[in-house]
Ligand SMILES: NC(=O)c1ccc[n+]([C@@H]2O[C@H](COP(=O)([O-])OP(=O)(O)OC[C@H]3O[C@@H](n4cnc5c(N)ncnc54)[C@H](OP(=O)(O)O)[C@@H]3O)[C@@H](O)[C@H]2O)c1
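In the block that follows, a single chain appears as structure tokens, in the form predicted on its own.
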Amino acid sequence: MTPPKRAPVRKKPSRAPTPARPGGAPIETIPLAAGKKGHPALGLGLWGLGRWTPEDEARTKATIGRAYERGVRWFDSAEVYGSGRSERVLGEVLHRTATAGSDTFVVTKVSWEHLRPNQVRAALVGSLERLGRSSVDLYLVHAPDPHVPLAETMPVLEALWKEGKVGAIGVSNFSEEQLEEAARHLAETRLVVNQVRYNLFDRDEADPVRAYCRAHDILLEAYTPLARGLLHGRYLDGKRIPTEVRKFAHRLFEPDRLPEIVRRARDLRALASSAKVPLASIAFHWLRAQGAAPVFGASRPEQIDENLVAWSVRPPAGVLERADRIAQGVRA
């Protein structure tokens, strides 16, 4: 298979061109192999917004607004999140800010159900209308569809890139083979991102593609970086795990696995306590050490503050190495 065209080695992360507002934690940017903007190293994922009831909309807007005020610029959405509601809410909040069109890094995704050429273009038009934007900074294929060849999908994405409607092209939940296949069908630009489920406990999707992505300058975006709250210390002391969390948490909360995961998470919490850092700091910066950019979820403004405090504390390398062993079940 012909590998994708190589780009110059990515430079070390630089400080974001737009500084955080007072009280915000600085979030550096990562240069991409292609695209008009650097990629923030930490972002807010809006998956949960579209499933909330209309009565919760004020809270969702307040959460996005708090993130922007505190210096978050990467916002990740998708057309399937709430059947477009997530994009609409995001667009409404960002339009209240004078500079949101220029200093945000907005990402959205085309559904795996819309990968035929005419569907891709229509999906992007719909997303842009809901967001109230003429373009997005990064457009991802949400997941591959085995019934639609990437030879059909990728050329239309490249056409949209050439038209200036997307700043860069990426994918989500792609294997190495699928990454290679997608790259073969891009002639003038390249893939810059693969977004996968990735945290200290969930590595099955990221580990098989890490080396390939590093070799071809594809940034790994890590969703569920806090393992649905486990790596924030939730559910470690007997608190009931909501049905919805169990449903969307991959295998972490299945009865055959949960007791051991909770034991390891408690050991990680003890490690964080002894190191005098938040548990989430270990989760975020372990991913950072793997070359991944975490995108976290939040349902309340105060969760934005908690996560930015965790981001601002960088644990020593030895703590991250110990956390890696604990998460894998390696006892001292």
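One rule holds for the numbers: they count along the sequence shown, beginning at 1. Since the model is a prediction, treat every value here as computed from it, not as a measurement.
Separately, the form predicted together with this ligand exists; it is not shown, and the next lines address it.
Scanning Q303, Q290, T29, T60 against this ligand in the predicted complex with a 4.5 Å heavy atom cut-off leaves one residue, Q303. Checked against this ligand in the predicted complex, the candidates L128, L186, L226, I169 yield a single residue with a heavy atom inside 4.5 Å, and that residue is L226. Under a 4.5 angstroms non-hydrogen atom cutoff, this ligand in the predicted complex has N173 among its neighbouring residues.
Although the partner is absent from this view, H232 contacts this ligand in the predicted complex, with a non-hydrogen atom inside 4.5 angstroms. Not displayed here, this ligand is kept clear of L268 by more than 4.5 Å at the level of heavy atoms in the predicted complex. For the chain shown alone, A67 is not a contact residue for this ligand in the predicted complex, no non-hydrogen atom being within 4.5 angstroms.
Partner proximity in the predicted complex, defined as non-hydrogen atoms within 4.5 angstroms of this ligand, places exactly one of 233 to 241, 177 to 185, 258 to 266, 118 to 126 at the interface: 233 to 241. Along 280 to 313, a non-hydrogen atom within 4.5 Å of this ligand in the predicted complex is carried by V295, F296, G297, A298, S299, Q303, E306, N307, in order along the sequence.
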